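Below, in structure tokens: the form predicted on its own, a single chain.
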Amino acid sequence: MSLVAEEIRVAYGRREAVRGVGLVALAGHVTAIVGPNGSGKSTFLGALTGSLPFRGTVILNGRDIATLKPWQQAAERAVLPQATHLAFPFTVIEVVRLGLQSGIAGARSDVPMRALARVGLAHHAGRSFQDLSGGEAQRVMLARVLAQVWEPVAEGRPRWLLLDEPVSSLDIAHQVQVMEIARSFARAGGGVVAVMHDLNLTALHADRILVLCEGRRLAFGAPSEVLTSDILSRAYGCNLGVSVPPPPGVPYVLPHAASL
């Protein structure tokens, strides 16, 4: 099973933000989307989730999302947006339960607390969501989407986490925690597609990486194939040096005499 995007195009007025981008994300893998600001990463993810109008085709587990009702999509994939603003004074556990009500485990009353424990916030269940720090709020929202697709595989079909900058507000320890959650979800048979900025975290945790530049696909492949000095320097418009340390041989990226 897979998430397949073919010739995706998204326009804002006359400006085309995504220009014919394709992607094949496999269940059991973490697929990352990287690129400079304005390259179309979040817009492309918005097309994959069906939250933005687009041209092209998105196939989720063998079905065109254009033919699926919202509840059918919600049963197979959960979406973590870049930012969430709540107008009502929900408690943390109430926010997480919203995901449970949208997903496939509605009768599992234990799931919200287990999801909160998974992100290290079970002790905040009764707090007001508005009182949380930015990083805590981001982890609560991750717990919400985990509750929505709690079982990575159900009835023989993989579930999907679609994450837009899931570590943007987090310290180093919690960045690692979130990426390990994503990695664990994939190991259990689910699929993960994540927009990322930190190239080193991406190198460490992603199976495949899509590099976008000016709305187009610049490269797609394994970290060792994509995270090269040439590709990244072209994508980001500055000199980037990529080195490989001793085992386990995961590439890491350093700005090297950066110049425009």
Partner chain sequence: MAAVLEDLPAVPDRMARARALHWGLAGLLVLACIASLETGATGVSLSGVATRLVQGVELTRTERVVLYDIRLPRLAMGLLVGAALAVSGAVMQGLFRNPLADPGLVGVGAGAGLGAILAIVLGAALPGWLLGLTGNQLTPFAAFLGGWASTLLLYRVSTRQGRTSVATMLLAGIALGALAGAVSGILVYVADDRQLRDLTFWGLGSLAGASWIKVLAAGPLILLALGAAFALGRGLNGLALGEATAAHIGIDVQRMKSVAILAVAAATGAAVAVSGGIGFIGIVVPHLLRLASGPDHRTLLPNAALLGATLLILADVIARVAIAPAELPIGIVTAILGAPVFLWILLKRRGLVAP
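Numbering follows the first chain given and starts at 1. If you're wondering where the values come from, they're calculated on a predicted model, not measured in any experiment.
In what follows, reference is made to the form predicted in complex with its partner chain, a form of this protein that is not presented.
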* Asked: Three residues, 221, 237 and 242; all within 4.5 Å of its partner chain in the predicted complex via heavy atoms?
  -> no
* Structure fact -> Answer among 69-77, 167-175, 186-194, 151-159 for heavy atoms within 4.5 Å of its partner chain in the predicted complex: the stretch 69-77
* Asked: Heavy atom to heavy atom, is residue 141 within 4.5 Å of its partner chain in the predicted complex?
  -> yes
* Give a yes/no on whether residue 132 approaches its partner chain to within 4.5 Å in the predicted complex, heavy atoms considered. => no
* Should residue 49 be classed as touching its partner chain in the predicted complex when contacts are defined as heavy atoms within 4.5 Å? -> yes
* To do: Give a yes or no for residue 179: in the predicted complex, does one of its heavy atoms lie within 4.5 Å of a heavy atom belonging to its partner chain?
  => no
* Heavy atom within 4.5 Å of its partner chain in the predicted complex - qualifying residues of 73-90 -> 74, 77, 79, 81, 84, 85, 86, 87, 88, 89, 90
